[in-house]
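Here we start with a single chain on its own, the form predicted alone, put down as structure tokens.
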Amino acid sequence: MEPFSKGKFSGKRVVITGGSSGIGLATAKLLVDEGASVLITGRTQATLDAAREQLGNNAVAVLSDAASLTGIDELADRVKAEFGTIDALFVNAGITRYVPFESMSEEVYDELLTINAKGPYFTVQKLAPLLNAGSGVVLTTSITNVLGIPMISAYAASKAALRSMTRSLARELLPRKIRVNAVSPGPIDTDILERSMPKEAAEQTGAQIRQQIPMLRFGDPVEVAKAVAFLAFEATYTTGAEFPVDGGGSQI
């Protein structure tokens, strides 16, 4: 599939897991607007269909379970069929669960670590053979991997695992001239709070979070998308790094 528009990323082919909403969709839109062809994945058909409609003819939307190794194998086959090879991979699929440490169950712990850490690891493994020399891989970590924040201990652990993988995979993929970096968002203005808790609790939590961030606001998904595009294509002398987009939350 060749791009119809000319732009900064004209002719580039990109895969974005978790690309049907939030940061993933914002990144897909930025890349498509600049001429790239993008394949996005998601777990809900209706959300994928809506995203595909927004993105237009330069996008492919694929229903895919980021936690299933069979699903990841099927995704690799689909990517090969659609694009042959790719120039960037944004591993963004993930979930959040707000659970006090004392109440954490094995089921929720396993769900978080499977989707947020195991899935990304094998996504990179299965798609790496399709990455061209000079390609960039970007993993989504989180401000929580360096801060001790209540209610999200298992989530934070899964993101810390991704931070470690960023370094290890960067080293192992160097011989293939593939760079691996991470983008670390702070609180971003998506609907994740509303989807994770009742409305009143979400509003209260949002207000508290704003007060804790030095910039006193949530980030916009586009602000993260710009960082992802930079790491994927322009940071040609950078690998193994984590780029914070967090309003200073983990830095000052």
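We number the residues from 1 along the sequence you see. The shown structure was predicted, so the numbers you read here are calculated from the model rather than taken from an experiment.
The form predicted together with a small molecule is left out here; the points below concern that form.
Interface residue remark: T205 is not counted as part of the site for the small molecule in the model of the complex, having no heavy atom within 4.5 Å. At least one heavy atom of K159 is located within 4.5 Å of the small molecule in the model of the complex. Although the partner is absent here, E223 is not a contact residue: none of its heavy atoms lies within 4.5 angstroms of the small molecule in the model of the complex. When contacts are judged by a 4.5 Å heavy atom cut-off, T238 does not count as touching the small molecule in the model of the complex. Figure note: of the listed segments 170-178, 89-97, 126-134, 146-154, the one touching the small molecule in the model of the complex, with heavy atoms no more than 4.5 Å away, is 89-97. For the candidate set A227, L39, A36, A66, a heavy atom within 4.5 Å of the small molecule in the model of the complex is found for exactly one residue, namely A66.
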